[in-house]
Ligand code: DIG
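Just one chain follows, in the form predicted on its own, and it is written as structure tokens.
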Amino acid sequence: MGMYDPKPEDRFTFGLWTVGNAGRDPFGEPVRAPISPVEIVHLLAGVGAYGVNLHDNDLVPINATPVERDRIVADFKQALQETGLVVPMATTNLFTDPVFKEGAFTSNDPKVRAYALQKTLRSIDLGVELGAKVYVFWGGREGVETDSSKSPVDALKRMRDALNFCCEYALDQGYDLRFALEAKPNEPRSDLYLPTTGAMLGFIATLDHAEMVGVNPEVAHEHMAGLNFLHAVAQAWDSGKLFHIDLNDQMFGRYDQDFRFGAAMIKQAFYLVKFLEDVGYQGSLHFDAHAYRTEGPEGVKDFARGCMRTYLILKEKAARFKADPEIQALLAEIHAEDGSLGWLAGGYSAEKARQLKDQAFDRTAIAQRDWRYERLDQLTVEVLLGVR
């Protein structure tokens, strides 16, 4: 096995909707034949993935009878058993069916809100039945085209009520489950509520069971807003809320491209992988991406292998970065302290405040420092280009 070939311990996962994507877009019909969930499981096992994630209707059609549902789930479980794949995460499709055209949890129609909640509870049951430990909420239709239609305060209250209900349900059922909220700034609605990971983190603090709820940040969604994904992930990690992560790629400010991981912005992908490895993130690494519309069945496999290989290549580049003597010498110089301000450690005291106010600083001399960030960044680029 090559050094960039994935192994189960790498914890790489894909959604049924990712490798199963038929290549349809707003301007074109599908270009690939549908793949059944059982076939997808075997495909992913064949390329070395660890697990498979799903929306409820990726597996069970929305109009399936209870008998049909049980048969489909049994066949899927059999495929998991045959391949050894696991289901670490599940979620609910609250955006495809016409009933959700005005929203789901935030809809102005109480019948839609109740149906969305019913659908979610049943989907939570399915996810737990399949072994999922993380349940993701992406509010694909939770937004507006015109703010004349509803109050954002009312919408957030409705979202809060729904999530509180789901938390209480999971606790009442004794489920070993954590919830993760996924932000996106727009698409398919003009403006989506809670558009960034930071907004989600602030919202979580208002929930009744905030300890159960974290975030599922996605590369493409932060890049759509022109934001630094690494910083969103770092804030989530620092808050103890990085429950899951969606990896793909995306040019800044574009529509939701969902490119293969590392396909567009390799430097940003490197910093992300380096961070996840440095902090010891142990959750699954989920690729929420699609093969190019140009691809057939073999191209879909190339896409899946490419996502995993790029992560492992960048993981090796991060190790090179840490082992490079010139880079580490520069970093040691940048972060060196002479100890003269050690007395400020440990937080506030009245005496420290008095002493700080009396301290003399030569700001002109301090400003003369040369930080050498140009050199540091060039060395980083050289690591990525394979010349170091």
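This is a predicted model, so every value here is computed, not measured. Numbering starts at 1 and runs along the sequence shown.
Omitted here: the form predicted together with 2,5-dideoxy-2,5-imino-D-glucitol (DIG). The next part is about that form.
A heavy atom within 4.5 Å of 2,5-dideoxy-2,5-imino-D-glucitol (DIG) in the predicted bound form is found for one listed residue only; from 106, 250, 120, 216, this is 216. Proximity to 2,5-dideoxy-2,5-imino-D-glucitol (DIG) in the predicted bound form, defined as a heavy atom within 4.5 Å, holds among 89, 272, 232, 200 only for 89. Contact check for residue 102: every heavy atom lies farther than 4.5 Å from 2,5-dideoxy-2,5-imino-D-glucitol (DIG) in the predicted bound form. By the criterion of a heavy atom within 4.5 Å, residue 288 is counted among the residues contacting 2,5-dideoxy-2,5-imino-D-glucitol (DIG) in the predicted bound form. 2,5-dideoxy-2,5-imino-D-glucitol (DIG) in the predicted bound form is approached by residue 221, whose closest heavy atom lies within 4.5 angstroms of it.
Interface membership of residue 179, defined by any non-hydrogen atom within 4.5 Å of 2,5-dideoxy-2,5-imino-D-glucitol (DIG) in the predicted bound form, is ruled out. Only one segment in the set 154-162, 235-243, 301-309, 134-142 has any non-hydrogen atom within 4.5 angstroms of 2,5-dideoxy-2,5-imino-D-glucitol (DIG) in the predicted bound form, and it is 134-142. Taking a 4.5 Å heavy atom cutoff to 2,5-dideoxy-2,5-imino-D-glucitol (DIG) in the predicted bound form, the one contacting residue in 15-30 is 17.
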